[in-house]
Ligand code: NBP
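The data below hold one chain only, encoded as structure tokens and taken in the form predicted on its own.
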Amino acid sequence: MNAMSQDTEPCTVGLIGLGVMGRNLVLNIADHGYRVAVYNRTGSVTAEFLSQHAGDTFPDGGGLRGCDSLAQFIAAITAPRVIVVLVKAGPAVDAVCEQLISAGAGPKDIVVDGGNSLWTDTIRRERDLRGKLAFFGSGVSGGEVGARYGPSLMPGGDPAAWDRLRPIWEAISAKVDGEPCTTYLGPDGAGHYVKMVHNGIEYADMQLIGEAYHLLRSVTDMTPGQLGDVFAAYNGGELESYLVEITADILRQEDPVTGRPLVDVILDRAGMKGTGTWTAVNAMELGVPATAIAEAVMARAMSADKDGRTAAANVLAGPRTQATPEKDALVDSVRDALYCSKICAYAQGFQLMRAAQTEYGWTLDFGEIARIWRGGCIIRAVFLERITEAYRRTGDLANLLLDEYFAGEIARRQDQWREVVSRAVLAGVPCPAFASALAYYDAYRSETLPASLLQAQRDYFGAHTYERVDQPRGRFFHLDWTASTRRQVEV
């Protein structure tokens, strides 16, 4: 059917917001046999989009219908409606919901927020809009290519709404071994929360890859193109993933203007849109040590201070030049360090979700979360199959590091991991995520930590009390530290 068809045949789905993600997702939906009504606040954007796809045909009766107003948009969709909203997270989502109600949308109409909304906003919206709209949150991951040909979709909201949305989401999602990369995650904000953690892990994954590149580039004579070959080789093993794959491609790319390696032309200043920060902040709020994720966020903040770093580079001394290591051995060691650090970053993300389900009253299936991340999303990787298997073996697994496979992999590779972190420190090459992941591993495997001294300090200056190793947990004591005869009392 012609994409420009403006007949009165009703649509089965509506989509608001024709940015990059919206444009691609609507074409994906139409490709799967759905007629989609489209609306954008700026009408010229809708007209341009329809013009670009005027010659397109879609299978099984799928197609596009442009709408000039929200009232026309509502009228074009068969009730009860399914409306996907892809606008900037925040007040714009609230505004669209109110405008839809004014235009005639009702309590049986599902409004799916597919943006990167803060999960607490999704909880609020579902509660406040109950009886007016069936508000539903869903994470969408995979970038523009994923949106067009199959993203990973992370839905959360009312189960009855999911029953109606499910056929669409399963049709348009990525498929791995024939399984759709989507599953119902839980009520209210569960979907957007899982998407947030996905993005936090993505921050860590990208930072770890960057640190591996930086160390190899700094202490060997390999060119970016040669390092591209290294990462291509990494991608042929246990590190096979979308991010490692595109890293190999990026490092082999020449700048079309100067002919230099493109990575040397791009300014070393990374942006961020907030989801990584939300993940790190929530980890601190829930008391979960998601250190590699937090370090990845801080590394982007450090990169933003380009002027400060440029000035400091001319003032602050680094270490004396270290001997160049044997190149092939270092490449192998960096591979192992990257894999071990990656395991820790994912362990932290899943620990955070484990704490969140208690805090927010959800029941999350971690094996299913890993399964739907295997395809379509930015962190898709062969490695995720191992996580799925781990949670299928032990549904109540306390920490991914305790799974027999992951414990064995780190035991086998940790000497190389430690060597890489030491090499980076001695060479003065920053590796905050590598080092943080290693510190997390060492702390988690330590039966005794110096927190006993820290708690004594807290009791000394603030009477914050302490527990004793020779008394049952839950009994608290305080020592009168400043009295001439120090006396302990149970509080």
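Values in this document were obtained by computation on a predicted structure and should not be read as measured data. Residues carry their position along the shown sequence, with the first being 1.
From this point on, the text means the form predicted together with the ligand, which you will not see here.
Heavy atom within 4.5 Å of the ligand in the predicted bound form - residue from A345, V197, L185, V140: Exactly one listed residue reaches within 4.5 Å, namely V140.
Contact residue in the predicted bound form, from A356, V87, L215, L251 (heavy atom within 4.5 Å of the ligand): Looking at the other structure, the residue within range turns out to be V87.
Exercise: T42 in contact with the ligand in the predicted bound form, heavy atom 4.5 Å: T42: contacts the ligand in the predicted bound form.
M21, heavy atom within 4.5 angstroms of the ligand in the predicted bound form: M21: contacts the ligand in the predicted bound form.
Exercise: A92 in contact with the ligand in the predicted bound form, heavy atom 4.5 Å: Contact check for A92: yes, within 4.5 Å of the ligand in the predicted bound form.
Q416: touches the ligand in the predicted bound form, heavy atom cutoff 4.5 angstroms: Taking the distances in the predicted bound form, the answer for Q416 is no, it never comes within 4.5 Å of the ligand.
Heavy atom contact within 4.5 Å of the ligand in the predicted bound form, the stretch among 305 to 313, 164 to 172, 391 to 399, 114 to 122: Of the stretches listed, the one contacting the partner is 114 to 122.
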